[in-house]
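Same chain, two versions here, written out as structure tokens and called structure 1 and structure 2.
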Structure 1
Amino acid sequence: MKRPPKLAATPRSPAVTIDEGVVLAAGGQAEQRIAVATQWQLMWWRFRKHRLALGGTFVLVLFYLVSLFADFFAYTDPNESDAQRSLIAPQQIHWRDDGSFRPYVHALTGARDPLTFKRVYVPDPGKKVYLSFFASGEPYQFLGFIPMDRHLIGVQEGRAGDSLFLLGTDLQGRDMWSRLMYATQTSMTIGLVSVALSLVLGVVLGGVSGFFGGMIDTVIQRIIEILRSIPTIPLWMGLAAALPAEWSVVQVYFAITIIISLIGWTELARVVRGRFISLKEEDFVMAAELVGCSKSRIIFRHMVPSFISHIIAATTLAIPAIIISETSLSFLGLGLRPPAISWGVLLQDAQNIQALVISPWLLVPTIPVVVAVLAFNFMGDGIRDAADPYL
């Protein structure tokens, strides 16, 4: 019987072999990379996949750059007032002139309103005020000690404060753009300082309460309950009345910061206490006790780092709450007071409904408040998801 001919073995494509080898090698390298990665590297790899968190982080970096270089971004003195230029509407920037990139604004001409007999300013299309970037202007102390006069925006001729009003002026004729830059500096930094103090108090007192227990735990928990039971608005009204009227802006700023910190540490302390109660029975804590580690070393070198990611996430979510608290209290006149400049102080001019109808640009400070709070929440959600070991 005749056997069927053998089929020739089809040679394997070299391209397929190379591709599979590359894939297998890449997969092995990725697994090895993950296996030897630190906790912070794993958090960063997860965090950068969160698009909203990355966008919120970028926005917050811009906000803090404005806070750090507020003198540079503002083009005039934020407290310079002139009753003749009260409630000027924002000017529109025209970016091109005769087909070329040459930004300018129309000059303003004063006139008397025949109905209200108030002085109003209208743009004059026949006069152009050309803008320049990194222009010389009002002198200031860069970072508090370097004398400079360069600003992001200026005018080519004359003073920027006399002809440039990008966001209009308030009731006293003060430039809203420059005031918004300094308000960003105050409101964003007061959140950082307050959260830093609250973080120290919450971690230390919550850790001590959960680690030692007994009478110490009872006393700290009763203090937390008393602080959380105090009505907020009456407390702030009393504190606002207690602050001396002759205090400077810096003194009031630090007083408000400390007061917010003394009230805002209680929630974090409760969370830290619960984590310490669950961790103090773990094997690594008992091992640290057996080798003779001190109580402070066990708390700060072994227990706190085990949930530091949760503390970071809680901190990023607490900053917008403090920013909203400062803005609300200053808006109600219970927080920072003029001549201090913050988002809440700027919004005090928007309390009158008549002023809002006539000059709606006074509500512009609400935009950075909303944007900053959303950015903090997005970043906090990204950090919380990145720090979750069960994802």
Structure 2
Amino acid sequence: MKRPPKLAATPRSPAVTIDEGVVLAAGGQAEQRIAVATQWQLMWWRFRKHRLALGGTFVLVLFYLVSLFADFFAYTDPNESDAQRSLIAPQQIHWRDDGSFRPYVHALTGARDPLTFKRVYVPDPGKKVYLSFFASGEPYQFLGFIPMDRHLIGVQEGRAGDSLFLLGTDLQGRDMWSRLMYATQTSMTIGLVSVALSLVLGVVLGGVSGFFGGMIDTVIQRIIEILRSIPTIPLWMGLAAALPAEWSVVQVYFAITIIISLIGWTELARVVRGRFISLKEEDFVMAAELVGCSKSRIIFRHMVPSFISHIIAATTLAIPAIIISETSLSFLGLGLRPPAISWGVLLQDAQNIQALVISPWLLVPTIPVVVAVLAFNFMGDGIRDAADPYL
């Protein structure tokens, strides 16, 4: 209810001590001196007070590092399958051996199941497979062009037959950890690409709608209203099912991003339009008009800077929905298709409830989905609060 009156900024007065966004004037001077901080500085001060938002940002940086260097974080070919190694349980890393730091896992030995005669792998406590960080393994192109063969972790002196399954294997005997690294790459980037497309659509259509108003506004608003009242998943399913089966992984990837953003732009358009409309009424825009600023100057110099932070917040908050959409579609088998790897594709295996019950690690890909969605939400909330503390 009681809110401190806003400081009147006097741009020419010299900056004094600045601490956590609270502006202190030096001594009991008659003239009030006020520190000048840019809008972005103020936002940053407010943002860093938001613990969850900082945590979310940290997690996202980590996720995107994994996406960028998936080859490094994975230690084996994600598509290398071996039916005999189907559904091996995650191996536990033992960090110390004989009192010193020497990580190892128990080796797996093949055995026949006495009942089913199937060949199964069980850990053999007597045999140790030593691990090392930055071990050499599968060769790859670091960042796409630097040949390298080092991985975050790997089996020491990579002997044939010794293998590592940190998160176990899937039905086809592929290493879940390595697959998860590549899936992170796909799913995290699909969020970015798709949100970029939605942003373009949303900013253009929302901006046009808000700035020109009238008939154009009415038409765009009706389209948005109609799109929003249609259940999205059936629509996505329909569109995704229309993708030709012979398309390559890359083609499908882009088709899916387009499909998701075609429907996802409405929320961003709503935010942009709302901002445009409320800013048009602001005194400073009126003032700019009165001193004879050109339309484009008013838009880009006066209006856009004052709502760009809101757009950044709305964009950040739109990404989790996109990630969930991609995951859902791929889970249904209508999104990305194998050999593409994404979180949704990985979760397809979990549809088989019998397999899931004996090998719960198939549910592991849910963890990055939930963590990424949470992180985006926290960061987005933080940006929104920092951009407009009184909203």
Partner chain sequence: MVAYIVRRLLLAVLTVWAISVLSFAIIHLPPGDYVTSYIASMSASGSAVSEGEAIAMREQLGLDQPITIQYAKWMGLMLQGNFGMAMEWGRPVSDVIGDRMSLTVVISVAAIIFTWAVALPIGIYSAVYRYSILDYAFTFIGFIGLAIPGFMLALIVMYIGFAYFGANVGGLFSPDYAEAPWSWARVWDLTLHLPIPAIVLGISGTAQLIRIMRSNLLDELRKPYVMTARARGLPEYRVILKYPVRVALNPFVSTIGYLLPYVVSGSIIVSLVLSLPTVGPLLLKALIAQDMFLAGTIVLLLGVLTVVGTFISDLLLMWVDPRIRLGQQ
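All residue numbers here follow the sequence of structure 1, with the first residue given the number 1. Computed from a prediction, not measured in an experiment: that's the story for all the values here. For the two forms, the rigid core is made up of the largest set of C-alpha atoms that agree within 1.5 Å on superposition.
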Report summary line: The chain seen in the form predicted together with the partner chain is the one numbered 2
Query raised in the report: After the core is matched up, is the C-alpha of Gln221 off by 2 Å or more between the two structures?
Result: yes
Report task. Using a superposition on the rigid core, decide whether the Cα position of Asp77 changes by 2 angstroms or more between the two structures. Result -> no
**Report entry** CA of His310, rigid core aligned, shift of 2 Å or more between the two structures
**Finding:** no
Query raised in the report: For Trp236, what C-alpha shift in Å is seen between the two structures once the core is overlaid?
Result: 2.5
Query raised in the report: What is the magnitude, in angstrom, of the C-alpha shift at Glu289 between the two structures when the rigid core serves as the superposition reference?
Result: 5.5
